[in-house]
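Shown next as structure tokens: one chain only, the form predicted on its own.
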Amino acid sequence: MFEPIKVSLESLNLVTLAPMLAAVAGGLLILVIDLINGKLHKSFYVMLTMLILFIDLGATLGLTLNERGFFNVMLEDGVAIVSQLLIIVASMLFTPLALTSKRFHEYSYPEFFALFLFMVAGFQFMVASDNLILVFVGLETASLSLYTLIALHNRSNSYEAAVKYFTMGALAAGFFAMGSAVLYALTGTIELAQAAEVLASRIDNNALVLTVLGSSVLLMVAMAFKLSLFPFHTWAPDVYEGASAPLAGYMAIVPKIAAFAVSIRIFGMYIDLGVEWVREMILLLAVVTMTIANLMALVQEDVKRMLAYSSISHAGFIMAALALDTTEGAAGIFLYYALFMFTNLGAFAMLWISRHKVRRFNARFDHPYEKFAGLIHIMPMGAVIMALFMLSLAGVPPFSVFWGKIYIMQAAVNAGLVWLAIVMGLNSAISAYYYLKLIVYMFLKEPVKDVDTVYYNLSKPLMAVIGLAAVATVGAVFYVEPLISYVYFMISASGY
């Protein structure tokens, strides 16, 4: 007879699961409370969600670096911890926006907050493992929750956005599953650390090299969908347009942080094995993505779509850091998102400042440039803050995103890719045009008549989030150095 396998709680090391379990338990708690009493005000759920995110943050900060757990499928290395911290902080910035005007009805559903916490847990599972099955489970958990959150906005283009995102997400999931299957067929394992060891001992085999290329291409296509890289970017502007403005800003940050964390593990493995064309493929995707997205942003008539293409361009910019395969490059990815997070979410939240029951300015778009014409005369502080966000996104010193751009360009130069730094600089110059276009409308154009019919959303939670984002954007010069030091230490301590 076979003896039963004995597993002790100590060997499972469940502490590595604590952050995700906090978010999952929080989501379930919200659903149970709603079953018991369905008449609680949304402010209760907002406060409860914030409390759960604080517990999640504390559990993440309490993790031990480079620790494994739960049958070794959990890996809490520097990439996992830093990306989880960014995901939670971005979520804490987004959550208070639910306390804004009653017009945004999706926040009145307790299910919104439960799905939101399940999504956060999914992203955390995705980044805190090098096991491709668990990465896939986390990816799908987060994605399915996010599709529903978009549809809850309950407008015709929101349903369209959710269906488009679902379709693209299903394609990405298919490519990821196929790429993982090919890697498993090659190595007999779906854990990246073990797969790297097996491939390193066999990489001289020509047939194997071709199969490795096949698996890397499939996985690259999956990640390109999630990161909205060219030519898989076409869904992003439509989806961002259909989602509520702050959720669109959130989508431009958190899913991409998770996708980059996974990409660092997967494609770093291929580049370390000497599969040089993977690096070249990433560089090509990065350069084409940032250039095409910038050119598309130039001709947009809607500010929200312009910001969507802007986010695609930034993803291409950051993708270049992935190809460097250096500690400085990997640290640059997280530094960039730590700085970009405040500015981008603040810029999207600013779209909520003025709303209309009907599309007065444009029959096609909700946020055309004309809507912001003469904002300096109507809402001076709003115009100044939006200008700060635009200057930061353009990479103008000393605002926050400038430091992220200059750090990645420096990493490219240090890696011997001077041409890449020049391409990045040229793209930043192109992007300045469409950011400055909005500033021109706000400061130099006359307001459109009948502005009294515009609804201004000046709720305190919205003002607080936008104010915090503005302070972080301007004050980045004071905290960027300790942030660089922390991120670099965490990444280098894990061997990246």
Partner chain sequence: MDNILSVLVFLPALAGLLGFVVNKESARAYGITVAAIEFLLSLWLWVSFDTNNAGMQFVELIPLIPDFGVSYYLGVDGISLFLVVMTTLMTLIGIASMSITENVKNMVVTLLFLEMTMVGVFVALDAIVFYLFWELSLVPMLYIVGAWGGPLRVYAAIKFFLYTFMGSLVMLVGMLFVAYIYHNVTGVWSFAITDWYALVLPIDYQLWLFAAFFLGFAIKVPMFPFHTWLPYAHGQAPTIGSVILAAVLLKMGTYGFVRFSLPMFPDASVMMITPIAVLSIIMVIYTAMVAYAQKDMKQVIAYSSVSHMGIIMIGMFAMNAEGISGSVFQMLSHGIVSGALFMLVGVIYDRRHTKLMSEFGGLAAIMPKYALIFGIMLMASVGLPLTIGFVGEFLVLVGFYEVSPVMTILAGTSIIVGAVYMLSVYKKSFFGPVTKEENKTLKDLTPKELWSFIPLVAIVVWLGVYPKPVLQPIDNSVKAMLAFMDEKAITQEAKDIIKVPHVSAHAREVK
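Residue numbers count along the first chain shown, from 1. Since this is a predicted model, take the numbers as computed values, not measurements.
From this point on, the text means the form predicted together with its partner chain, which you will not see here.
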| property | result |
| --- | --- |
| 410, 428 and 432 each touching its partner chain in the predicted complex (heavy atom, 4.5 Å) | yes |
| Residue contact check: residue 70 to its partner chain in the predicted complex, 4.5 Å heavy atom | no |
| Its partner chain contact at residue 403 in the predicted complex, heavy atom, 4.5 Å | yes |
| Heavy atom of residue 414 within 4.5 Å of its partner chain in the predicted complex | yes |
| Any non-hydrogen atom of residue 299 within 4.5 angstroms of its partner chain in the predicted complex | no |
| 214, 397, 174, 374 - the one with a heavy atom within 4.5 Å of its partner chain in the predicted complex | 397 |
| Residue (of 24, 17, 472, 484) lying close to its partner chain in the predicted complex, criterion heavy atoms within 4.5 Å | 484 |
| Options 463-471, 432-440, 50-58, 34-42; stretch whose heavy atom lies within 4.5 Å of its partner chain in the predicted complex | 432-440 |
| Residues in 21-53 close to its partner chain in the predicted complex, defined by a heavy atom within 4.5 Å, in order | none |
